[in-house]
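Heads up, what comes next is one protein chain in two forms, each shown on its own as structure tokens, labelled structure 1 and structure 2.
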Structure 1
Amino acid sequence: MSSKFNTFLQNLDRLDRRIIFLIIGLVVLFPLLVPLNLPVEPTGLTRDAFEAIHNLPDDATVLISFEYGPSTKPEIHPMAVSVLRHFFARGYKVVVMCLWPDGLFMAREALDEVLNDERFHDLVYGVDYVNLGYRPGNEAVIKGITKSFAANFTVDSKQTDISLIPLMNDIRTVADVDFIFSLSAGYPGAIEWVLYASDPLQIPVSSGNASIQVNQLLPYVKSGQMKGVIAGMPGAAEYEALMVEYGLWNTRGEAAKSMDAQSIAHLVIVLFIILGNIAYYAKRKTQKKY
């Protein structure tokens, strides 16, 4: 190894971390300004979740719970939008609830975005969908609605008495819904839905998750306790691709657009790790020499 290259590697080891931050920032920024339109190939995990939803009976009632906030919005919000579009396109009745306070705003934003489309203009609040809003209490709320919705949600997010909402007349407990979907970024989230609602009442459940939580959920998918999982931003992009594949939507969504930046950033990080290791071994070799 030439001494110049060896010096370069040694300097690399002492590289200011701020330069690394700057490089990562730039490689993320560039594909956002100049889209590369990299292809998105759906994986089995996302396909399982998609098909579990797609194959529900036509008159199904589904519950979607928002357990994320602005901090994980870039990852989970595109899933929320796609999954809601999927529910409405299939004609399911949708019950929205939130276990995180911020989830209420995320739910409102996602519903507004989805219902803005002319295909869904005929949907009536309270008949086709309802937003029950946020209730504090974490898993106690899930446990509570296995006994009674009305005991936990006396009013919906618009402060309307729950007994005056036609959709809720048929839904006394969570056992009356056909499918649960949790948009989860941590605790309480998808795991609590499996533990306190899905397993005890045998209601199929799936989830869209922040990347950081995916590893914890894979055992539940493998054991069949959960029907697939939408894993982070790539999962959201795959779901969008499946929506196009099944003819339910016709454009590339927000997550797919962001995947260019995600992919390039990963490449650069892998490159940094390889360079870091080469620099480490070069330094060790030099130290051994002297």
Structure 2
Amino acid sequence: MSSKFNTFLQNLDRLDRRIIFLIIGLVVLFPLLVPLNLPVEPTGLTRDAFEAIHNLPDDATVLISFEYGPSTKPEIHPMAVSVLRHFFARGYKVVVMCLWPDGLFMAREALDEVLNDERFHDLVYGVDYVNLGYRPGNEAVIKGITKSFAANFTVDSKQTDISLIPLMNDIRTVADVDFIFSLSAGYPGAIEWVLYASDPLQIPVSSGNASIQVNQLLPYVKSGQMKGVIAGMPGAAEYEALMVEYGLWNTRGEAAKSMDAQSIAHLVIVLFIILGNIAYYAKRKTQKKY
């Protein structure tokens, strides 16, 4: 080992940790500002969820439930935006509801972002989509809408009587929707939708979840009770890639940018770990020598 390289390793061993934090911050920031468009290969789980939605009849009515808040927004919100874009691009009627209080704000933000695009300016609230808002009661709300929507949602999120909303005239219970999609970060969420609505009424269901939840859902996917699952930030990036692959959207979105940043950050961290170990062994070798 040359003396210059040995000196470099010894200096590296004494490197101020604040400089390492600064470097990590910069490598995370750069891909967010300048997307690298690193390749994304959709997994079977994400593709199953995408195709289950994509292959619904043209006149399908879908229900999407928001069950996450600000703490899991970075992971789940990008998939909420992509799934809503998918629904509207396919011409489905969309019923939005929330089982979490924070879900109402997430739903409004996702709808505003999606409907701001000129491709969806012709959609009419109450005819093409509706936001029923939040109702407390956890799985009791799911059980309730298997009997009657009107008994559980007397008004929508705009305080409009549900009987005055044209889209809801043909939806008496959840059995009248063709597909359920749960954006879930915990309880109540995807599992409760399977247990209390999808299985009893034989309505296909899929979900987008925080990464930490996915292992809990895999048994339901493997048994065919769920049509795939979008797993965390990587799953959201894969869904964006499928939207581009199927010609439904022109560009990938926030999840792909975040995955670029995450991939580069992981690469740099691994590099620091390798250099740190080399510096440690070089230092120990020098100490033994003297």
Partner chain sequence: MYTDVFGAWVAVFLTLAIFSYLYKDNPFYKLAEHVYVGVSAAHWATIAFWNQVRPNLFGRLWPHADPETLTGFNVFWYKLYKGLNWISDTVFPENGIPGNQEQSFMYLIALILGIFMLMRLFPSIGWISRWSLAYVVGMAAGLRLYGYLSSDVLSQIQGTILPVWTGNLGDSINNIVLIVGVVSGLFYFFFSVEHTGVFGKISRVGIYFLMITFGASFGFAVMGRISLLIGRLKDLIQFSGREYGYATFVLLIIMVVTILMTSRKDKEVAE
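If you superpose the two forms and keep the largest set of C-alpha atoms that fall within 1.5 Å, you have the rigid core. In this text the structure is predicted, and so the values were computed from the model without any measurement. Start at 1 and count along the sequence of structure 1; that gives the residue numbers used here.
Specify the structure that is the form predicted on its own; exactly one of the two qualifies.
Answer is structure 2, the other one does not fit.
For the two rigid parts the chain splits into between structure 1 and structure 2, is residue 149 on the same one as residue 127?
Per C-alpha fit, residue 149 goes with residue 127.
Treating the chain as two rigid parts, what rotation angle in degrees relates the smaller part to the larger between structure 1 and structure 2?
Turning angle of the smaller rigid part: 26 degrees.
What Cα shift, in Å, does residue 280 show between structure 1 and structure 2 once the core is superposed?
Its C-alpha shift, to one decimal, is 13.7 Å.
With both forms fitted on the core, how large is the C-alpha shift of residue 269 between structure 1 and structure 2 in Å?
Comparing the two forms, residue 269 shifts 6.9 Å at C-alpha.
For residue 32, what C-alpha shift in Å results between structure 1 and structure 2 following superposition on the rigid core?
C-alpha displacement of residue 32 between structure 1 and structure 2: 3.7 Å.
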